[in-house]
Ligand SMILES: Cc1ncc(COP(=O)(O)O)c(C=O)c1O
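The chain below stands alone and is given as structure tokens, in the form predicted on its own.
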């Protein structure tokens, strides 16, 4: 029996949606289907504008380059500080650096794995202009408290929601609180287009900036521009998606709520089975959703009981050899990564106690979007509780 991190994500109708684009005998770059997906995505999230790009990483890149752009209304400048949690993905961080800003790391909360608001408050200085919050694995920090800090200190909020599409805090979707929200449609995420991502915002000026930055800096596709305009109004990249990926993503997007429900149900089955097992002895601990969060779970993160930490390497090897694929929680404490040393991101050699503990104790397994049966639940329960016996 096997339990991979990611099951094959595409249905027959997903693939048919992509094939229809090819069968039309037209160009396959972004076109009408991309626009349809953007409109439906914005409507679902309750925001004014959504712009599809070729990855969630590119969405993060656009967010920060829009903030430093000369056309930005509330612009941030070279070497201004942006706060970021120490548990993050690499391309949550690098756009901050690439935009010429200074990343300031804060610790995370041990229970939610999200940004620690107490540590965040301590790190705010006169140079702080923005906060990037990473909504970890379907969970979030207390967004009401974060909004208070943002308002009081007059900061800009960017939400990396690449792992949390469909999660809500209160009545609002994560990704709709900040100036920009970013999303990923990579193969393992809540929906998949193979590759692809989305960036959302509510200000038309911000939308015009990211729209032109996405495609070479021209104004093609914006109001009052000619269809085939070569009028360059800004700097730019080429971060466009293809209509094929948009078609696949849009087709999966129709099933998002159903897949969220199935993942949540599968998670409950696994956790309840483990905790009700006769072999249960607090060997492992599970991430719980933050108060007021209705999570769209991405993966099943697990913390190993401290008394079994000396067995972690052997335990993970055992799980993988027995067909249960594992991986670290995001990138662990990113300041422990070799690239952080290369760019001297922690010159002061600060410690991040909770992030280090999550890295040392943590790993996660996948959550499938198809209902899992009793035999698979029993298999997972037996193998995951073997740490005190190997």
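Here the structure is a predicted model, which is why all the values come from computation and not from measurement. Numbering follows the first chain given and starts at 1.
We do not show the form predicted together with the ligand, though everything after this point is about it.
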### Query
With a 4.5 Å heavy atom cut-off, would you call residue 215 a contact of the ligand in the predicted complex?
no
### Message
Given that the ligand is not shown alongside this chain, does residue 162 nevertheless sit within 4.5 Å of it in the predicted complex, heavy atom to heavy atom?
### Response
yes
### Query
Hey, in the predicted complex, is residue 202 touching the ligand, heavy atoms inside 4.5 Å?
no
### Query
Given that the partner is absent here, does residue 346 sit within 4.5 Å of the ligand in the predicted complex, heavy atoms only?
no
### Single option in 69, 326, 55, 354 placed near the ligand in the predicted complex, where near means a heavy atom within 4.5 Å
55
## Note on the structure
The one residue among 186, 94, 308, 177 placing a heavy atom within 4.5 Å of the ligand in the predicted complex is 186
### Query
Residues in which of 318-326, 337-345, 55-63, 38-46 have heavy atoms within 4.5 Å of the ligand in the predicted complex?
55-63
### Message
Please tell me whether the candidate spot formed by 89, 134 and 196 is one where all three residues come within 4.5 Å of the ligand in the predicted complex (heavy atoms).
### Response
yes
